[in-house]
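Shown next as structure tokens: one chain only, the form predicted alone.
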């Protein structure tokens, strides 16, 4: 029965991909270019930050020479390959710049707050930064993931040395790419507004999404009888990371709001006003609820952090919360209140079906564990 269901899954996902694609195309003519591009940017950022978050987890293992995570490292490596389909999505997203980004328009020269940033916010330099972010991300993907997959056959211990030497450079690359995404693609929608810690805020959400996707994938493949040697001790560490970074995301989000509320500067509070009026107040409260309160109390006990059933629904909730967070960051710039109907549903179906099809294929690449890694045995023997 499970085999029959599994064999039908690609067909169902392909059908949803086509159905969602038709809705996406129709939304351009029915809902208008602005709403189309807002949806496109949301899902571009969702997958880019999720893939970077998963790759950050891989790099972190190499950086600190962790052993416990070696048996599950192939999962975030596979999730990080989402960077490959993100490339065409990002290039298409550049079409949104003249439509949604005020700093790229000729009228920006008449605004004294934007005139000095005209070159930086203009489409040519904006596009150059985006391409640079993509190139650097693909370089890191090649070093970490392609090298790891090759090690399955070569058993070359030199890969671990190369990966550990590259890990500090990746951290600098990661900081640049995540900050550029935050300031260009999100803050750039309201270029008069800025926040010094906005890049950290996006990092916290992206890393949480990468952790959640890794956790959910682990539970999924173990349900198929794979990765049987991965124990509750490994799941507990993933649950601990989810718990810790849920608190970190909340701290950064509250710190940003508190400082702007306390300063009460017009060019800062207007950004929050747009997210607290015209129906957005409910979304703001919902975001605090699903992105902090629920996962915090769901994972606060020791046993909960290793419980696969608990981790499954918390991980799914965190991925949904990350999408809601990006929706809350992007959509208020349209100035039309809370929008959610068939165009948003079509984009969700299209991108989620495409992402699941990609991950389903990626789960067949290489061995389920990095069998060529000399530290795999130590990872399998890990106990709390």
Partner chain sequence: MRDFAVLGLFDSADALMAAIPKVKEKQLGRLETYTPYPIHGMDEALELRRSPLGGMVLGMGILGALTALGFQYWISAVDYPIVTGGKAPGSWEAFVPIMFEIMVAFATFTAGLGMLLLLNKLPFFGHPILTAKAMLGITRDRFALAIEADPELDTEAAKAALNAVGALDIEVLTRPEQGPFLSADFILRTTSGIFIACLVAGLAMYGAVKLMPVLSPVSHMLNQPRVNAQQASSFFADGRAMRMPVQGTVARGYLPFGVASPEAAAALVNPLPRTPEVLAMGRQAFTVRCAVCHGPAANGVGSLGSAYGAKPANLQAPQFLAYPDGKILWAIVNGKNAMPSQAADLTEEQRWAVVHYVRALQRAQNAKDEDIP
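Residue numbers count along the first chain shown, from 1. Computed from a predicted model, the values in this text were never measured in an experiment.
Absent from the display: the form predicted together with its partner chain. The rest refers to it.
Stretch from 76-84, 91-99, 251-259, 136-144 whose residues place a heavy atom within 4.5 Å of its partner chain in the predicted complex: Single hit among the candidates: 251-259.
Non-hydrogen atom within 4.5 angstroms of its partner chain in the predicted complex for each of 222, 277 and 283: Heavy-atom distance to its partner chain in the predicted complex: none of the three under 4.5 Å.
Residue among 270, 107, 300, 153 with a heavy atom within 4.5 Å of its partner chain in the predicted complex: Result of the distance check: 300.
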